[in-house]
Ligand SMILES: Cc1cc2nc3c(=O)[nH]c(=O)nc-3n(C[C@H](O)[C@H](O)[C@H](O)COP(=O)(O)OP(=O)(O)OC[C@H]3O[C@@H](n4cnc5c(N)ncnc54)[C@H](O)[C@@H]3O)c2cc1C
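The chain below stands alone, shown as structure tokens; this is the form predicted on its own.
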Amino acid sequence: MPETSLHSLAVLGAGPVGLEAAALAVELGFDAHVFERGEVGDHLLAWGHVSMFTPWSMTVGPASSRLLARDGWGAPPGDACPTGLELVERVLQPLAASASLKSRVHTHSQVVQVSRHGARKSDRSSVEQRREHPFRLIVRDPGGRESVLHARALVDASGTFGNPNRAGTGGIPARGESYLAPQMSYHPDDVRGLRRERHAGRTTLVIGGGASAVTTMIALAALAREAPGTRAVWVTRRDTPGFSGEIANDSLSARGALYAEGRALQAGASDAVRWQGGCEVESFEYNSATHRYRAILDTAAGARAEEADQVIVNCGYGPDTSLYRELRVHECYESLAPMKLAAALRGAGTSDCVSIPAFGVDVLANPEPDFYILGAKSYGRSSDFLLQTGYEQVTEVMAKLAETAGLRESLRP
């Protein structure tokens, strides 16, 4: 059995929740290390031009604030909503570069898969017997070289943004999509900034009916006012106006305003935007001579073709569960979230992320001891997650792990 400190902790993902976990872990005396397959805050940088729904006062974790304060960091004005880029530059990057975490945050280190050293998922062992076998991580660097590392506790805070859903009917890729995916976009493009030349004066097909798609459509409508000839076709499965995740009397005013603007576009507020509801995507084709895409849509009236110069698929995101397939995780068949948390979310009776409680460590626990899925990934395919909830999850889980490891209790208010 490899020699591993009882206080060792591996954290997957250097986003807001992963770094909050690391900050609190170090505070509690863990030998914690964070593994990030890209740069610090990579997922936020992918939509760095977009403002968050929540203000600064709800965006920075308490342990992160305490760590940064020791370096003279001052919290930004609490009522302003930061962009993804601002959160990375003003919080996550300084946090990762701090004296406490600098040697513990490993970027461009992709955790390919995790397991227990010497214990299979199917082994009929008790919780205490499995604890005797440390977690085994396969970590790959940019050159493809792999290392094997071990830890006594494991937190997966790798999020879902790096695993976008496909556009095809039934949730699997449309015919031709897998081949064309590398040249299409699966995130809210910065169509008025870095991606302006791809969309200005051209027709863009946008597929999706949630916040990401609404954000993209609002930006394309604004681009159309600046660049004549810009057009957008908006395809949704829903055949009536409205969006997935929309809440009446939304407590987050920025989110409510976004959906109100999206509804206006569906109602014809921009001549450059055409909304086509009640559609499922059957296939994609690309004409290399004209450099245009052709999508075949399944509608109530029959097959329909749409052509465009660019395609943006904003159909939501889901967890990559392949990382922990050899660990004991009881998943919800519907959302892919851990079963106890999925049941608690369903029983909450609301989809308002502000009103959903963080629940306790017992709900967050998996059949695999000392393994926790935190942050957006803990909600599976649900988009009802709030960063503040993730920070509360961290507080609960780190207190439990500290107790198990024989460390001092968490600094709870």
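Everything numeric here is computed off the predicted structure, so don't read it as measured data. When you see a residue number, it is the position in the sequence shown, counting from 1.
Just so it is clear, the following notes concern the form predicted in complex with the ligand, a form of the same protein that is not shown.
Engineer: With the ligand left out of view, which of 32, 376, 63, 345 would have a heavy atom within 4.5 Å of it in the model of the complex?
Structural biologist: Selected option: 376.
Engineer: Would you mind picking the one in 338, 208, 159, 262 that has a heavy atom within 4.5 Å of the ligand in the model of the complex?
Structural biologist: The option sitting close enough to the partner is 159.
Engineer: For the three residues 199, 244 and 313, verify that every one has a non-hydrogen atom within 4.5 Å of the ligand in the model of the complex; reply yes or no.
Structural biologist: The answer is no; none of 199, 244 and 313 reaches the ligand.
Engineer: Which among 39-47, 64-72, 355-363, 23-31 is in contact with the ligand in the model of the complex, heavy atoms within 4.5 angstroms?
Structural biologist: Of the options given, it is 39-47.
Engineer: Is there a non-hydrogen atom of residue 165 within 4.5 angstroms of a non-hydrogen atom of the ligand in the model of the complex?
Structural biologist: Contact with the ligand, no.
Engineer: May I ask you to state whether residue 110 is within 4.5 Å of the ligand in the model of the complex, using heavy atom distances?
Structural biologist: Yes - in the model of the complex, heavy atoms of residue 110 and the ligand come within 4.5 Å of each other.
Engineer: Would residue 184 show up as a contact with the ligand in the model of the complex if we use heavy atoms at 4.5 Å?
Structural biologist: No, residue 184 stays farther than 4.5 Å from the ligand in the model of the complex.
Engineer: Report yes if any heavy atom of residue 401 sits within 4.5 Å of a heavy atom of the ligand in the model of the complex; otherwise report no.
Structural biologist: No, residue 401 is distant from the partner.
Engineer: In the model of the complex, which residues of 7-27 put a heavy atom within 4.5 Å of the ligand?
Structural biologist: Residues within 4.5 Å: 13, 14, 15, 16, 17, 18.
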